[in-house]
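Just the one chain here, the form predicted alone, laid out as structure tokens.
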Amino acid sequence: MMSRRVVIDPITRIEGHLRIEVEIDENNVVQKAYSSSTLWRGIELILKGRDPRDAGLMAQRICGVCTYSHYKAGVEAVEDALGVTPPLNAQLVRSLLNESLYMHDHIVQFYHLHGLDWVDILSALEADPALAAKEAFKYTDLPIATGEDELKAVQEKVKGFSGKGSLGPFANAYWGNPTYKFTPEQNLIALSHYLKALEVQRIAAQMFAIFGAKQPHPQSLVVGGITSVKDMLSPARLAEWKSKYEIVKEFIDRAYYPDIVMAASAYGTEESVLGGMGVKNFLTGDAFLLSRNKNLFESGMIKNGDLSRVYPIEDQKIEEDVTHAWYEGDKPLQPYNGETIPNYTGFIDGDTVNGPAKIINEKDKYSWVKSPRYEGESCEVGPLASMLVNYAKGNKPVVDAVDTFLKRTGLPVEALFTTLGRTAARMLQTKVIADHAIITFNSLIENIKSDQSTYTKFEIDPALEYKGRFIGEVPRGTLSHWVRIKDGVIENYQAVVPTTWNAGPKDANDIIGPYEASLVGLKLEDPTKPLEVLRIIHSFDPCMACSVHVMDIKGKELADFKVSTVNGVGTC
């Protein structure tokens, strides 16, 4: 029997535009999978010819969610090129911003982007609130937002949507799919936390804005330091950050952590979440300055899932392949020498389980995402990689968090190498950050007593050439920005983002990336409602890079924009 193709386009509840196509056999088992980003960003071209001091401000427009990540990466790549070291106060404020961002991002990712892959809203409406209130105590001694009266109110609120003929924000999902495993009462607990998380994420965003000026697209970083000096020196602003931090941390401890324990209990035998991992190379960067020269998470690489050895990251071993990406190029390039020359070849006619449609041409180019490789191998990046590498390195906060969780759930270490493990790792990373962010805060308070510097002066000599990079950890994984400066302006700029590592297409050697590999072997209960695919892909937290090159669903180009630059014209 010929294989059948399932097309999911767009993958919703993510940042940007992602298309997944899978070929299934007569038993609905995925034999081949293809990941395609259908919008182009081209920010690297806009940065060419610009003042290096503007790199961070412009690079943050790569994303609409983790804007700070690209902002900081752009600033610190230039600092690396120029040999500039910001004062400790600036480094600690940047770390507080990063910690605030992570707490905000991961809460939103689980509850509002990924959570509904695990939670059946219609089932929650059938729950007994009294039983659900008792159920919540199985997972924590101090549940939050799960009193019987609160759960009744949640049901009434959501029933109000359905009474109007629509489920509002919960419309158009695969409710009733047999791979949902929560009981009605467990679904109601998670639904209540979904709504509570809407309040908490707002507080987390406000926490970030105290030192970032606003969220998203903060404005308080400059090459050499920070500009939120008055906020840093204000006892009232510092106290405000701490009070919001305590609210967010309480939610992580009393809702997020117990909900993942509950998920581990309910989904511990669900086949579709016990796989979802085809690439077992993991790469991660340093993150979160706690005090002078001490980071919470350390960088490194694990090969083939072997936790007995961690390798250091070497810049020259990172390359990007564009064989199956919509760019010109005939060989992998190290990012310092990377090129971004678009070469769009479009889609072809094909058959799918839903009838004739445009499909990707897997024999040619089929994505705007490049294919990063480390020593020629694909790698997964993200919270799971961070937890695994630091667990293998014996990082005590991570070892303690992972071991406690495994003991609490009865899961073996091997369970980390699954979709369930990837989802749990994001929560564990959030928990470790929340537990230690106060150390960064106290280090800042202590340092301000004797040192109030926030900026390091520097000069850019037009007669010299510079190159530098940032490699570090951001909410979706390892991010790197690479810059070359010549004649006082940016000569070349490349960003290798986390989703590029995970979502890239196969390369010239037919090595596939983490997204595609994670889906091979997956069995779909109903190919017309492929919830299992969404659950796996969402566990990576896709964030497709921003673009201004817009296509309609038939592959027709709608518009092409040209943006003037200081020294010429760039097409994006």
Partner chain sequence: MNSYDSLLKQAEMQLESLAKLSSVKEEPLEVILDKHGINRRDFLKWAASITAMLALPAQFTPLVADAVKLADRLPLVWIHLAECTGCSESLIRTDSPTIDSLIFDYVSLEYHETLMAAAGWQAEENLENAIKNYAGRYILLVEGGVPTAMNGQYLTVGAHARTGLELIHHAASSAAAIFSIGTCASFGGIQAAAPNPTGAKGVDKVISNPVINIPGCPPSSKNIVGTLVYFILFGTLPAIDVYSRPKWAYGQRIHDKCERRSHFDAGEFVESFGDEGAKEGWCLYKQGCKGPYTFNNCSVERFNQHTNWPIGAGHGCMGCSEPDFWDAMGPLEKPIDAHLVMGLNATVDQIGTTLLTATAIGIGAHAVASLFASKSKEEDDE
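Positions refer to the first chain, counted from 1. Because the structure is a prediction, the values reported are computed rather than measured.
Not pictured, yet referred to below: the form predicted in complex with the partner chain.
Exercise. Hey, in the model of the complex, is Asn27 touching the partner chain, heavy atoms inside 4.5 Å?
Worked result: Heavy-atom contact with the partner chain at 4.5 Å: absent for Asn27.
Problem set entry | Contact flag, Trp40 vs the partner chain in the model of the complex, heavy atom cut 4.5 Å | It does: once the partner chain is placed as it appears in the model of the complex, Trp40 has a heavy atom within 4.5 Å of it.
Exercise. Would Tyr311 count as a contact of the partner chain in the model of the complex, using a 4.5 angstroms cut-off between non-hydrogen atoms?
Worked result: No, Tyr311 sits far enough from the partner chain in the model of the complex that none of its heavy atoms falls within 4.5 Å.
For this session: Please run the contact check for Thr528 against the partner chain in the model of the complex: heavy atoms, 4.5 angstroms, yes or no?
Result: Yes, contact at 4.5 Å.
For this session: Only one of Leu82, Leu116, Met277, Leu444 comes within 4.5 Å of the partner chain in the model of the complex by heavy atoms, so just point that one out.
Result: The residue in contact is Leu116.
For this session: With the partner chain left out of view, choose which of Tyr102, Tyr366, Trp482, Tyr71 has a non-hydrogen atom within 4.5 angstroms of it in the model of the complex.
Result: Only one listed residue qualifies here, and that residue is Tyr71.
Problem set entry | Joint contact, Val65, Asn354 and Leu534 to the partner chain in the model of the complex, by non-hydrogen atom at 4.5 Å | Yes: Val65, Asn354 and Leu534 each sit within 4.5 Å of the partner chain in the model of the complex.
For this session: Work out which of the listed stretches, 463 to 471, 249 to 257, 206 to 214, 377 to 385, brings a heavy atom within 4.5 angstroms of the partner chain in the model of the complex.
Result: Result of the contact check: 206 to 214.
For this session: Any residue of 436 to 456 with a heavy atom within 4.5 Å of the partner chain in the model of the complex counts; write them all down in order.
Result: Heavy-atom contacts to the partner chain in the model of the complex: Gln452, Thr454, Tyr455.
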